[in-house]
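For reference, the chain that follows is the form predicted on its own, supplied as structure tokens.
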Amino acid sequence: MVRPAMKRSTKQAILDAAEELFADYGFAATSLRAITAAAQVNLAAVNYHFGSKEALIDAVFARRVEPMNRARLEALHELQTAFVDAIVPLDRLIAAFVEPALALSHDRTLGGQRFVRLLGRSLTEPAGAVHDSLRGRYVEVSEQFKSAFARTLPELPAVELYWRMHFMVGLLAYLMAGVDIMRLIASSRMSAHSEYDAVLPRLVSFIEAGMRAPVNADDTVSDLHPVSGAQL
């Protein structure tokens, strides 16, 4: 029997159940009654802690995304402090952005893979409120890193930088999903720890090469921005 001190709080139980069910069945198909049944709480508890299903969805994302983005901003601040009179190295800047996301996806204690499945749902399900909620949580990180990349890569036109950051996020999302990576690990008998150590430097090097690629003169004509996708 679990002692009271070891029990999850009611709010935590609701968030855990909601995250699992949203990831498995989607946002529209998951009812509050299904969540309360899985969490073993009554419907009034959801209303008390969150007020609505939309607010619950927002809270599910917030508890994973906010610590990740806080780690990104702290890493960026440390770099800007260390290189206050110099250009921040591109590889260090990329690592500051991608490492917290990779760390989350590999952290079983924080439900990393479950959260990655949830992000996948947010891409495939046409839920405007979900997209708006997620997008809003990345505004500060996006703006600060965009400015930092612009200072490190002053030769890149603003539109080109936007595209390349968009591709970086897409690649990061693919690696966080980890399906092909898991097959690679299984075939090479690598441990989960060595997997992370193997992926991170390769990812940073690959993105750095893409960020430094020459700009095609024809590409500078268009001012079209890529369609906003997943934020990670």
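A residue's number is simply how far along the shown sequence it sits, counting from 1. All values reported here derive from a predicted model rather than from experimental measurement.
We do not show the form predicted together with the DNA, though everything after this point is about it.
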Among 41-49, 159-167, 201-209, 65-73, the stretch whose residues bring a heavy atom within 4.5 Å of the DNA in the predicted bound form is 41-49
Residue-level contact is defined here as any heavy atom of the residue lying within 4.5 Å of the DNA in the predicted bound form; does Thr10 satisfy this criterion? yes
Is Leu32 part of the interface with the DNA in the predicted bound form - any heavy atom within 4.5 Å? yes
